[in-house]
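For reference, the chain that follows is the form predicted alone, supplied as structure tokens.
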Amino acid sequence: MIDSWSQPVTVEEMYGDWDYEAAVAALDRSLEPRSATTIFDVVGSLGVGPGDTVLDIGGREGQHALLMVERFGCRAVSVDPVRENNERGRELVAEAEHGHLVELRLGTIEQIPAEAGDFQLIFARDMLGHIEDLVPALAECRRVLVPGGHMVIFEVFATPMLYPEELQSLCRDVATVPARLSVADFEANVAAAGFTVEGLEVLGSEYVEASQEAGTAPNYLLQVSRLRRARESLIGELGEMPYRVMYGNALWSIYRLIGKLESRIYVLRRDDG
């Protein structure tokens, strides 16, 4: 690990006989990071197809549900607690080629508007961090899954590099429950809710790295620099809450890039004994 070196670099070593240009060139080479589509590869590996119904819990405007029905030919139900997300999603779904395969419902993970065993798979991306009590939420997911059904979860977790005071400050600005960033806490809750961890992909920084290489995400370092330097004027222009959210989201992504946070994909199986 980089952080485990005990001896400091000397001035002679820093400016010594090594090839700076070669080092820069090495860092300009892509490491071919996995992108956000990896989670859909995981869904596909579970055999989802026509005849199956997938629940996208916390699905916002239904974008992920649309991607899954287009790719797999399944049906999808997107459940989100924010009424505005559902209203915007209906417009998006109505315009999509495969929109007839997607249904949007207003609801929460604690009270999913569905019958027991309605879904072959549940998809949850970047939403469990907002949940105060994870065990009953996951237990409700288990209820609406068929026996032996799967849940595919993408979440971000803290690494040992994240200091406790950073955790508290960061979570305040992105509406995240600090305990949700603990891998040990998450896996204990999974077991308590009646699930077994069947698969795990530790992606680390790859998603954010891929988006930076592709130019599909903002320059988060530049955003943070501007947010800090023009704090008062930006708060006056945007408002305090948008300022905090933009700052928190940018810092969240930077922390993923530098290893204080890491992305993980879990595949859970409903444990039926």
Ligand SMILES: C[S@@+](CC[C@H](N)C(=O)[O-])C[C@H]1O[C@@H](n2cnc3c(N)ncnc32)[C@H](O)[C@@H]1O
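Everything numeric in this text was worked out from a predicted model, so none of it was measured. One rule holds for the numbers: they count along the sequence shown, beginning at 1.
Note that the form predicted in complex with the named molecule isn't included here; everything after this is about it.
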Taking 4.5 angstroms as the heavy atom distance cut-off, pick the stretch from 68-76, 92-100, 140-148, 120-128 that is near the named molecule in the predicted bound form.
120-128
Answer key: of 136, 178, 194, 81, within 4.5 Å of the named molecule in the predicted bound form (heavy atoms) is 81
Exactly one of 115, 87, 110, 198 comes within 4.5 Å of the named molecule in the predicted bound form through a heavy atom, and that residue is 110
